[in-house]
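We begin with a single chain expressed as structure tokens, specifically the form predicted on its own.
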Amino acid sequence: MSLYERVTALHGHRPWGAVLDAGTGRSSMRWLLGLDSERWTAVTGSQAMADRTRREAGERMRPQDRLLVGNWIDPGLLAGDRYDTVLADYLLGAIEGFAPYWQDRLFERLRPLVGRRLYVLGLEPYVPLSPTDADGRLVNEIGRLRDACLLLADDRPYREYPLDWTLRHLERAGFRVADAEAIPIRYGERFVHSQLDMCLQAAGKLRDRRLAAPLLAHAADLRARALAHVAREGGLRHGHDYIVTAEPA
């Protein structure tokens, strides 16, 4: 069961009403388009992501639906709006690229927009850790190389926050936590390729090609080792996603 299917199950027979996808992407848009909603608004901080998401929606986007490019640090974004259901899908980690060090204000910012329910999807941080098992070491090595390449290319990696941090800040922002669930992750080939492809793109921006060459060679070696492990073991079993269901207190 995907994380979006889990959210649908948690919602049960409640009407979706007006829905806000507070950090949209192609995956959440596919889920959003399948809901029996009255209307929806989807927000992203990236024009490129907005363009990809708009293509995903295509003709299924109704006159009452909106796709916006904006930054939650802007107090005017959706000021005065209210939604029955709000989805914050990996928004906590992704917002580092658009409003760094502002994560502690995110739930406070979303609170006036939430009429009934907020669903927070997040990822337990794994890059700062030092796992001892083979799966964890590979996942950690991929994450550290990805972030190193992004930083060298003047980009910002995501900054993930753990479940207990999220629960504390939801309550401080005026929410009541109705449910919280940690879901074990099994990474596959798509994870390996997507994360290491980010390294290739970042390394391509480096002016110092003497630095880029060994990074690219290391990424290729790591890709081969990780894919071999996935093929042999059926995936990389490490870490957790989480889903928090919160309601206005």
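From a predicted model like this one, the values you see are computed outputs, not experimental measurements. All residue numbers are counted from 1 along the displayed sequence.
Note that the form predicted together with a small molecule isn't included here; everything after this is about it.
At the 4.5 Å threshold, heavy atoms of residue 216 stay clear of the small molecule in the model of the complex, well away from it. None of the heavy atoms of residue 239 is located within 4.5 Å of the small molecule in the model of the complex. The shortest heavy atom separation between residue 70 and the small molecule in the model of the complex is within 4.5 Å. Contact between residue 28 and the small molecule in the model of the complex is found at the 4.5 Å heavy atom cutoff.
Contact with the small molecule in the model of the complex, judged by any heavy atom within 4.5 Å, is made by just one of 212, 200, 49, 33: 49. The partner is absent here; in the model of the complex, the one residue of 145, 139, 110, 94 having a heavy atom within 4.5 Å of the small molecule is 94. You can rule out all but one of 145 to 153, 84 to 92, 124 to 132, 164 to 172: in the model of the complex, only 84 to 92 has residues with a heavy atom within 4.5 Å of the small molecule.
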